[in-house]
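Alright, two takes on the same chain below, each alone as structure tokens: structure 1 and structure 2.
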Structure 1
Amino acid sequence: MKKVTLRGGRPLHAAAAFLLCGTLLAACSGGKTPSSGASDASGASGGDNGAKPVEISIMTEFSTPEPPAADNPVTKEFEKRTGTKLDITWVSPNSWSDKQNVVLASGDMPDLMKVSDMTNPQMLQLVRQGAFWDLTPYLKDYPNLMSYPKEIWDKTKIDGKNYIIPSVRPLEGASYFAIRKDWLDNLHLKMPETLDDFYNVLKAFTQDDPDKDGKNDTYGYTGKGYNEIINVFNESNGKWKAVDGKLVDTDLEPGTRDGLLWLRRAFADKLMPEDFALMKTTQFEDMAKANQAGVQVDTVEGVWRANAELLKTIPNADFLPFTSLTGPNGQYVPQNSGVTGVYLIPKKVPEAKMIKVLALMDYGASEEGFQLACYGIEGVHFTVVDGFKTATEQAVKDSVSQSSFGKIFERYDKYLWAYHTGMPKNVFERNKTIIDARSKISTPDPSYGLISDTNIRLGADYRKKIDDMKVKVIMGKEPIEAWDAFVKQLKADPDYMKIADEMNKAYQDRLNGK
């Protein structure tokens, strides 16, 4: 059987596993008070005590090539170990935003619902209307969930309460540029460090036949995540930047204008696809997999999906994640919020069942549950070789990955984004080095979790108008002067400026511990 390798992990001691399973199987039955939730739910209903499995519906996303099938052995193992019957709706990243909004609007939500952004206006409105459980009095009984960093729990509070179970992810290894190192070598180019270097490399990747096939069939950059270029100019992780104790809206700053000019030139020089603004998430990745693009944007582990596909025909293919890029204000690489989406439990779910759902998630956050989610079943999905877990082809066939089950059952691991199913040990070790280097310079988003009521009401419309104007300027459909006029218009708009005032009020409250 052909083997592929992935990251090593700590084996669960047999005695510990036995005790844990014993706890799970012994636990159970609903209708308990919050203080008894953990012991009740650690098994989410007993597996061998004859109790009927608790049916739990879940809606989430996946980033593997295919979603896990309903009869997936990992799903069955989770059900066996937790005394549940899981009905998981896996939604493609291409339709995730639309699907979640449709479900939120319908009110017909599953028992556990993932939302991609905690500032989603529909979700916030529903929270304030009492549509979701306030989990604050319950969470203390779930030690594995409470092992998430306190700062992550704090910034996912809404009006001071924990309605949200954060979809926890590492702080380092966020989506950023990754470059074809083998193409750099083919063209005798160095790893770019500055934006000027970067531009010149993208141009060479487009015009100088980097794959040496004699054809003019490559782009420098897929175009995904173009705002990262603007972020380098602003040295800001997104729309808001902390300056002298205040939040500044970078869309109104000169750095955004400079970034748009850089991208406009790149588009005019055909360094990115003409239809980049219309492309779906998987289409960007398909370009990278098809040997058509020299730079893509993804997490450090996500980059591996394209690389693994390329290795089937190009033995030395190598997408290398950047440590940083240097712009006018210095080195920049984004820091992740530690949260990639949020889970909520609708209030229509009875309290006893809500406690079972928390128990299921707590088991998923345990060492055993996390290992099962990310690596699968030993002997079926992996073996351990020299202390390093080696995945079988069955792991790929069953979509066992942190990009599928690992998006539900999560444990905080700073190197989670260093590995991916099928990744060899040398790449994993290199990725850990990149993550460690990023941790010394990465820029956090100071606005994550801050709520502006005006933004809830009007933010989506402003966001669309701003993004549309950016794309028009990049594609040359509007002159840069149109952007200048647009910024002037935003500065004169009292509703738009009110968002900045409310965000700053929320920021000051956070700084003052309110």
Structure 2
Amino acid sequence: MKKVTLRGGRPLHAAAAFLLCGTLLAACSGGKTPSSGASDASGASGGDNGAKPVEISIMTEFSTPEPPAADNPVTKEFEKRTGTKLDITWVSPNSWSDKQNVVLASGDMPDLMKVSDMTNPQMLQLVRQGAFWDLTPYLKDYPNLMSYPKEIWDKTKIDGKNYIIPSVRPLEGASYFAIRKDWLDNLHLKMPETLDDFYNVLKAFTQDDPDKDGKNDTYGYTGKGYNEIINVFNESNGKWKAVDGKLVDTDLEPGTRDGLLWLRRAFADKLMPEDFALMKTTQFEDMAKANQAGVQVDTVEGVWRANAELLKTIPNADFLPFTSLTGPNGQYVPQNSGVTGVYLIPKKVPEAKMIKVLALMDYGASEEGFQLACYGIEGVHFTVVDGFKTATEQAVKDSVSQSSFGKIFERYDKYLWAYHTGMPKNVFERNKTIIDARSKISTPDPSYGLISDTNIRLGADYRKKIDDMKVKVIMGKEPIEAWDAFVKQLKADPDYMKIADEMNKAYQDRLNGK
């Protein structure tokens, strides 16, 4: 079959660019001799001693505007430092589940396969059929991978074994409230601590013209992530809460009811937009960017996106992430799962190659490898000013980012979510203190990775029904009694109660180390 060339005169161009990159690379590694020495020491042998590079195919996702091209300089650098030849398939997160399921079902898996969700039924079935390597006996040889927090390794176990290399992310810095500090100052208000304080501040933000422009054009709260308010009441990170060694479904608890009442009042007082239930993530963010909302919900670093936009017109704009909020029973801030997807190595990969793949991942989890993944090559993709890395235009062009290479090669860095490109040093330092403070009190989600077959079958339907009812109650379309009746109905529903039983059984199994 005739090969189709679509790019016309392009190849020459690409070749020229590639040559240029090669020169830059050479120049770069020439200036950084210690690093190439370190890479040899880190277990990835065969880099420079002329051995044939090991070909490794990887399937992963990316969330940069464009996926990295096949001849990306960062890929080349990884290959050089680890003695591998990488064939990376980048899949957009939008199409991820389709692609992943086809690849899993066809058995046509790459050497390193990403699965987005630890509870994916197809993956679990394959694991139990022995389609993937049990990495438990091998992992101890990889110090960088083993430096991931033990709790993350523990919660990604399946039947007590580590089939999974977690795609690790910080535990602290989860999506939570962030407030306009400059608005608080304008109105001479204190940083709110309890839910009542919080309510009053939101009210002032809505009614007292916090931006001093003489117009009534502000909302207290964007309305994004309203479940966080309910979580504060329940002091639970999501639906399941561990009480006395058992999992309790908070949707059936009085805390959820109290949270709904709080939100209902906030909605009636117009502290959040009327169409909050229909708004898209970008719209929430645009509200914050447009100086229209005093409180938004995002990760500690994600908050900076809106702040950077505001600074263009309001020089003292300042979104300050909360350390915690105090509910009726105490301080609450959520903890992240620490995992955003999992990597598996199919059993059909020979043992020698599997060890190579682990070595590659271990290199990616080293200080040096992770830096290469997230920031690229010094002088090409970033420059260091005042101990702070600044990305260059080339980094954007080459899609070098935490959201591309940083999705495969991951080091556990607890301050990863303190920094955002373009953030000044004092904000970064403040974020670090917030993260440290959160780490002392944050609440993990005890149900992460626990599997209930009934939940896989029916969970989504229940979720939708529950969310619908919540929104209706908040918007005042249904009285709170409708919620009570709904809860009663759920409690009488044998299928629904079966989910709780199965979750509890899975939880007990995990506690007993099974």
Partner chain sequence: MKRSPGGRLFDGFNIAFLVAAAAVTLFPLYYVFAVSFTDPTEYIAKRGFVLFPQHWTLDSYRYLLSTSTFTRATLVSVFLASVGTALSLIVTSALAYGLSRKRLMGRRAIMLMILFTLLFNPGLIPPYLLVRDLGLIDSLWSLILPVLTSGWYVALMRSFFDGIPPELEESGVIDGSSDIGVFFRIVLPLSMPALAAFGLFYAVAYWNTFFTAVLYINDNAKWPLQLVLQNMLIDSSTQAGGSAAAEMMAEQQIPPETLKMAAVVIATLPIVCVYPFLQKHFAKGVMLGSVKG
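Superpose the two forms; the largest set of C-alphas matching within 1.5 Å is the rigid core. Structure 1 provides the reference sequence; residues are numbered from 1 along it. This structure is a prediction, so every number in the text was calculated from the model and none was measured.
Of the two forms shown, structure 1 is the one predicted on its own, while structure 2 is not. Annotation: Cα of Leu124 displaced by at least 2 Å between the two structures, core superposition. Once both forms are fitted on their rigid core, the CA atom of Ile58 lies 2 Å or more apart between the two structures. After fitting the larger rigid piece on its C-alpha atoms, the remaining smaller piece is found rotated by 24 degrees between the two structures. Comparison between the two structures places the CA of Gly376 4.2 angstrom away from its other position, after core fitting. The rigid core superposition between the two structures gives a CA shift for Lys155 of 2.4 Å.
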